[in-house]
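The structure tokens that follow cover one protein chain in two forms, given apart as structure 1 and structure 2.
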Structure 1
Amino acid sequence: MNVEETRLPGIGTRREITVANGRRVGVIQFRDGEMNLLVSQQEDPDCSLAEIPLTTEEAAALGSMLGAPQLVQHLSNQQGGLAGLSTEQIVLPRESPYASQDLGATRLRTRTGVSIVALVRGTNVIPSPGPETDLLAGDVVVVVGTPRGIKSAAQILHEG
């Protein structure tokens, strides 16, 4: 994938990709740390259709939404042979009782038999998180287990 990087003197840096239908999609990184999501117009790809300011938290959430499915796909491919196991991503909602607690507090393995193979936080992936790893609202929890186990794990993460 070809990421085009353009410096905007006095403003910051623009990184973008041209997607299959000809539009440019990218991010303007301002020098003071702010960030804009940018999508170009269809009829005039030179011109922005929208420039949406994102807070760090929002950008991180968007990043994990876009990045996690890929990780899940990768994991499913790897364990493809094992019948009866599947990989799923569960987003930890803000109102979850486990937000800002450590992973051990969920006792997910004991209660459902599923394992947490990774946490996706923004653009960071935390592989094989230990019980002492903190969970934050908005984290994408990648789990491997039986469909039934995954279903109850999702319920636990959402409601406790």
Structure 2
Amino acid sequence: MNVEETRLPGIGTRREITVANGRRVGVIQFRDGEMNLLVSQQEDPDCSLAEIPLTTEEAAALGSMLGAPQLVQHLSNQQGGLAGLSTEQIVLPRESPYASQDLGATRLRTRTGVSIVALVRGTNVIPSPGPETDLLAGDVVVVVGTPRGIKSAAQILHEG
């Protein structure tokens, strides 16, 4: 995938890709850290159909939603259909009692038998996070375990 990057003097950086239908999709990252999501018009890829301002948290959540499914699929393929073992992604909601706490506070493995194999934060993947790793609202927690354990893990991450 070719990512076109254009410096915008005094403004920031524009990064775009051209998707299969010919539209250009990308972001402008402003010098102050703000970010806009861009979608081009179908008939004129140089004109914007939409330019949507995103907060840092919204950009991170969108990045997680787009990147986490590929990671989960990759891990599922590596499991090779092991009976009784599943890989799932759980988004940590803002209301979670564990948002802004370290991972160890959840005691997730002890309580459910589920292993956390990665955190996806925006476009960053944190593989094999340790118990000292901070959890933030919007993080995607990638877990491996039994369906029952994963269900319990989701409940713990959402409600405590």
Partner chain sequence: MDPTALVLIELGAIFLGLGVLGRLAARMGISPVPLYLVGGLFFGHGGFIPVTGIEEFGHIASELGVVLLLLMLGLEYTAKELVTGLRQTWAAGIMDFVLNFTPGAALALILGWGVVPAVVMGGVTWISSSGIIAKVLSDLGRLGNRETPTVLSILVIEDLAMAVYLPILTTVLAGASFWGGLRAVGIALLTVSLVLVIALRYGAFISRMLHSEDRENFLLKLIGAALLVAGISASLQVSAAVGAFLLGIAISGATAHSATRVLEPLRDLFAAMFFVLFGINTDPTAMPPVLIPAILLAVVTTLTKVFTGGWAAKRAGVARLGRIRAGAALVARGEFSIIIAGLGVSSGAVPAELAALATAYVMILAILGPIIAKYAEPLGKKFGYGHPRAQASQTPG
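Counting starts at 1 and follows the sequence of structure 1. Being a predicted model, the structure only gives us computed values, none of them experimental. If you superpose the two forms and keep the largest set of C-alpha atoms that fall within 1.5 Å, you have the rigid core.
- Matching each structure to its source, the form predicted in complex with the partner chain turns out to be structure 1.
- Core-aligned CA deviation for Arg94 between structures 1 and 2: less than 2 Å.
- In a rigid-core overlay of the protein, Ser152 has its C-alpha displaced by under 2 Å between structures 1 and 2.
- Core-superposed comparison between structures 1 and 2: the CA of Ile11 exceeds or equals a 2 Å shift.
- Core superposition gives Phe30 a CA displacement of 3.0 Å between structures 1 and 2.
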